[in-house]
Structures are given as C-alpha cells and as structure tokens.
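Next up is one chain by itself, shown in structure tokens, the form predicted on its own.
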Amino acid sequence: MTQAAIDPAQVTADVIIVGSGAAGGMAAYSLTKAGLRCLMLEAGRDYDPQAEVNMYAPESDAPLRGSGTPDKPFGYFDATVDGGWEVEGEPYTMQEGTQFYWYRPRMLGGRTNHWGRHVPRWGAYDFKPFSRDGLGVDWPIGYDDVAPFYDRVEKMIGVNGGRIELENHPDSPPGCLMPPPKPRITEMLIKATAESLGIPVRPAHTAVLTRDMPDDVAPRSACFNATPCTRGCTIGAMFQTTTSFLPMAKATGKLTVVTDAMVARVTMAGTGAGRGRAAGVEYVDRKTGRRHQVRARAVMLAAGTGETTRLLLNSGGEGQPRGLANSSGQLGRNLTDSTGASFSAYIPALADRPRYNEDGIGGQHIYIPFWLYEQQKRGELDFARGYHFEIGGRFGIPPAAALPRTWGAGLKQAVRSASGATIGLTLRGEMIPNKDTYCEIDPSVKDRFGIPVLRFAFKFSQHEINQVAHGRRTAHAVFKRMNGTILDRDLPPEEIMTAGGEIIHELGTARMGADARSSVVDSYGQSWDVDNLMLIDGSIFASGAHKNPTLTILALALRASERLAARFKSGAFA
C-alpha cells in the first residue's frame, strides 16, 4: 500500500511497529511472513536507496570536497539523508557537567542505512557479566538461548567471516557465513606483528555479501569492492532493511508503512476486557503537525534505545508519573555506550608501495578480538570487561603528522611516499552501567511537536578509563614492534576517549530481567506491566558487551517476533 492511499485511522493492524531500522525491519519481516497485519510508523522520511544513493561520484564533485558539515556530519554523500547528531526542532538536553551525543537518522531504514556492519556474536560471558565479575546484572537468557537465532540471522542478512576459535567468541556452525575477503597488505603486517606479541588477529564478521543472495522480491548482489558502504548500496551488498526486510515484508501485502510519523505516546485501553493493555499509539505527522491515533492488538517499540525510552516516559497516564511500563523504576536507567579511542602510526616499511587496488569490502577484513579473559579472571588487569581493535590503513591522503614540513614538489612526493603507510587501531570497549549515566524527561523543554524531550547524564567509570589506557599501551606496543612512528598526542586517557553517544551504541535504558521488580521487560522484550507491549531494540539490553550490538538486536527481535506470532496463534489477543 502506498502512503498516499493511507488513512491511518482506517488501517486494521494486528501489530503496530514503531521504527524501521534493524529491530523494526526484522519484526515486520517475521510477523508478516507469519500472516499478521502490521502497521509500521517511522519518524523519518521515506527513502529509496535505488533512487537516492550516489555510489560512484568522486568526493571532488561534492561541496567542500565531501567534507562533513553540521547537517551532514559523515560527509556529503553519506547515506543519512535526514537527521544526525542534531535534528532541527527536535532538541535534547544534558545534565550540567555531562556530555552526550544522540544520533537520530530520520529516514526509512534508520541506522541500517549508515552503520559499521561489524557483526560479531556475543559469547557466554557477555550474557552473564555479573556472575563473572560481580558488576551490573546478568541477562535472564544465555548464549545457548540466542545461538539458534544468530545462526538464522547470519544467513538472513548475509554475513562474511571466518572462524575465531577464542574464549568467549563463539564460532558459527557450518553454512552460516559467506567466505571472508583476503586481508590487505597493511592488515597482514598487523597480523604478523600482533601475533608475534601474543595478540590474536582473526577474520572480521561483516554484514556485506561476498556471494550473491538471490530472492524473487529483493535480490542482492555480492560486493564489487569499489564504493564506500556508508553511502548506501543500490545492489544490496551491504545489509540495510530498505533493500531486504522491508520490501520482502511489503510483498506479503500485510505491511503498511507510514513515514514522517513521530510517535508521541502509547495509548491504553480504558475500559472493558482490554483494560490494562495497550490500545495503540498516538503520532504526529511531521509534515502537517496533525495528531493521529491508530489501534492494534499489540504494540512493538523498535524506535531505538533513546526514542523508545522517551516514548514510554511520556506515556504515563493518571497514577503513572514515572511513565508507562516502569513499575520497576528502571526505565531510563543503565544507559551505556561503547568506549572509543583511536591510535595511529606511520610505518616506514609500508612507504613507497607500488599502487594497486586494495579497496576490498567496506571496513576491515580482519580485527583483533579481546583475548585477555584468563588474565582478567586471575585479577591481573585493572579493569573489568573487554575491548577489541578494528584495523585501518589504506592508500589515501596521509595525516599531516606523517608528513615532513615541506612544500611544492617535495610535499607531493612525500604524500605519494606516505600514502598507505599510516595504520590505525580503533578501540571499542564495554561500558559497565553506573548510577550516574541515564536519561530522563526534561521537565521544561519540548520539541516542535510539543513532545517533552530527553535529558541525558553520562559518566565513564574508572573501569572504562583504565581499559582505554590498557588499549593504548597495547596499540603502541604493536606500532613499536613495526618500527613505527606513533602519531598520537600524549594525553590522559580521559582526554582521548570519545564522548558518550559518539560510538552510536547506546543501550540498556529499559533492560530485560528475570523479574518485574528489577527490570522493565522479560527475556522476550515483553513489558512486565502491559501484556501486549513489546520492546525489541537496544533499550532492552541488560549490558553492552564490547562487541557491536546490531547482530544481537536482530537475533532478539526475531526471537521476540516469533514468540509474539505464537501468542497470536494461541488466541492470547483474541
């Protein structure tokens, strides 16, 4: 159904899905395949990668040669066509003395149009962190509960990679992964060097096709190793819901999508047998400002960690000043983001390389997983939880720090010589939830639709600071073994860490748990307080491993959707 033909009040839906990114797209795909009628509400505008993505234009064709600007922070051709760190008329605030950045793409497909595509599986330790170190909480589920869904999701979205064979890094069963690309020269050097220091290097698992993925509705082609994934992908090599799940779900005839639909609150049934259940949602048309109410037998929130939490905090009716589904008081608490820091060096052995094409797929081909679990268990590290390194270093303009202070022909020659001789190790680590990091409703600020906005508080603990310091020592040891010149400034670890939200891995503000007293939802994302209200995005994470979260979001969304479909089939919502 086209949006122009839609009268939202007349749409008959079994399930309302709020959000069209990883979780929302998976829910739409799974539920419509199960025969349920779904109404998807997306806050952003419609988006067609086939018509809007410019994969081939050189940066020199763009204003400012494609450089990032406030409205296009990741460059002129970046796939995020609306939204970003700041959205006009849709502010957020911060507690005094704290810093947090909130990335909000306002477009169909959400963050899957622009993401890192690194999709490692979480391991057994990642689901039971409290049992291992006494910090935070355990998840109510373990790796064995999620593993069958990891298997299926890897096949559904198309993941390339190889065996890891390391503690807490489970390997995929045969048939789940596509073949990985070969390492680049710089990656091979890092692998040889790191492993000489006892640091393992393994194939990265990446949601980019290395084999064609035929489908009658949404066929996808293997990557041809020539364009940046962050621009989007018209051939579907990179996983986006806009080139996979959403067209597949629409083809069933059971999915209606309404874009520019800013959901303001969950509405509740006031009387009758449905009392205490969600009746639907109220949303604002971002173009007209008109408010609409739509109804369904169940509501799934997949708006992203911050938006889902804001929606619930703003949905409290009479007698619920802390919001809806918040009898535990945990809504908005336990916010985390990955830690981030980058290290680089100039490697003379890589200078003056002959020119050839080493583009490969978007991002790294190999990476350094966390490898120090035994040392951590013995108390030899001064931080809990782990980190990993993502590997960078290709032909391109070298940083100024790697060039001599010269000009003219000498500068041109220096640039040619140093191009491809700078390598980088980018740290991503786990943050442990703490009492000083949360989001709440700002009591005095509303957006242009009259919806109260979120206010963030954010603080890293000494665990994260010590973790980054350890990562820097490790990265520098690798660089020195290569006789490299370290290009990093000598600053305290607190000053080289990315700010909260900058890694765009915010999680945990409506965490799952084993009981209603200490958590917002159960292990399937079902609200303890509202029987037909499900949360399926990153908000339900009980902790945030150092491993990127999207594969786990997809696996949990599939698990929750199939359980919801089973409840429909059993007559739970008759």
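Counting begins at 1, following the sequence as shown. Keep in mind that what you see is a predicted model, and the values were worked out from it rather than measured.
We do not show the form predicted in complex with a small molecule, though everything after this point is about it.
Checked against the small molecule in the predicted complex, the candidates Trp371, Phe74, Phe395, Tyr143 yield a single residue with a heavy atom inside 4.5 Å, and that residue is Phe74. Listed residues Ile190, Leu335, Ile157, Ala303 were compared with the small molecule in the predicted complex; Ala303 is the one with a heavy atom within 4.5 Å.
When contacts are judged by a 4.5 Å heavy atom cut-off, Gly538 counts as touching the small molecule in the predicted complex. In the predicted complex, the small molecule sits within 4.5 Å of a heavy atom belonging to Gly116. In the predicted complex, Arg385 stays away from the small molecule, with no heavy atom inside 4.5 Å. In the predicted complex, the small molecule stays beyond 4.5 Å of every heavy atom belonging to Gly161. Contact with the small molecule, judged by heavy atoms within 4.5 Å in the predicted complex, is confined among 38-46, 509-517, 525-533, 57-65 to 38-46.
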